[in-house]
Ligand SMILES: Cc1cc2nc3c(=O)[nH]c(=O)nc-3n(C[C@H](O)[C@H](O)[C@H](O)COP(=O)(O)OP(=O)(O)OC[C@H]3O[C@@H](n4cnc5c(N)ncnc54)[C@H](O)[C@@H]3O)c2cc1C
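The chain that follows stands alone, in the form predicted alone, written as structure tokens.
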């Protein structure tokens, strides 16, 4: 039997983890956790609920963190970001998906997380059990402060993301991206080089060390397409790349490509949208 941790019943990465769990054979149970996030406490609740069963989680930041804590508590190996498994032989995605690692799991009990977007999300029509962990005296949550989005759409929830890279040129250059995003009810993202330059806060960063997004449309403006950035946006259903450099790596991943100056192209798109919207 396999226990699957789900961040929520409708979370796409969690439903991908269900697909991995189902591929292991045997019965599958799904659980989620209610309460303030405390990794070691949540992991202990998952370990207790699993008994001696295999444990699978989503390849999200939280899923990988919890499975790592569970593995430490059980003194068992943990295979993260698994894309394929046959018996004790498995394939893992490394370095943002640019490297495939063939490995063998030396354990009768499997602790695995599914590589993001390596599996089709499963449909789960059964109950997802809710665990309420006991914090005891060792952990005390005194407050939970939600991020202030200022009425804007968050990167994690946005159906459209308008993202900028070095080619935007400056912090002020993001004004045209903000304008386009407002028309599309989109979130504004950026590459790591932008946050390093201080043009945007780290919370806006898309990538391996930022937020991993899976919108319906990702609009990459002036982004070269470094491996770390692609790791964060490869879950997008469609990618539109705008770049003046026709050799930019981003075009190899794009569904739609526009070669040209983003400072001319983005305002032109915005103008056409205003015409359509009649504003």
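Positions refer to the first chain, counted from 1. Computed from a predicted structure; not experimentally measured.
Another form, the form predicted together with the named molecule, is not on view; read the next lines as being about it.
- In plain terms, the part of the chain that comes close to the named molecule in the predicted complex, with a heavy atom within 4.5 Å, is 253 to 261 out of 7 to 15, 267 to 275, 253 to 261, 21 to 29.
- The partner is absent here, but in the predicted complex a heavy atom of 248, alone among 213, 50, 248, 43, sits within 4.5 Å of the named molecule.
- Although the named molecule is omitted here, in the predicted complex all of 209, 224 and 228 have a heavy atom within 4.5 Å of it.
- Though the partner is left out of this view, residue 114 does not reach within 4.5 Å of the named molecule in the predicted complex, counting heavy atoms only.
- The named molecule in the predicted complex comes within 4.5 Å of a heavy atom belonging to residue 193.
- Residue 166 belongs to the set of residues with a heavy atom inside 4.5 Å of the named molecule in the predicted complex.
- Among residues of the shown chain, residue 244 is one whose heavy atoms approach the named molecule to within 4.5 Å in the predicted complex.
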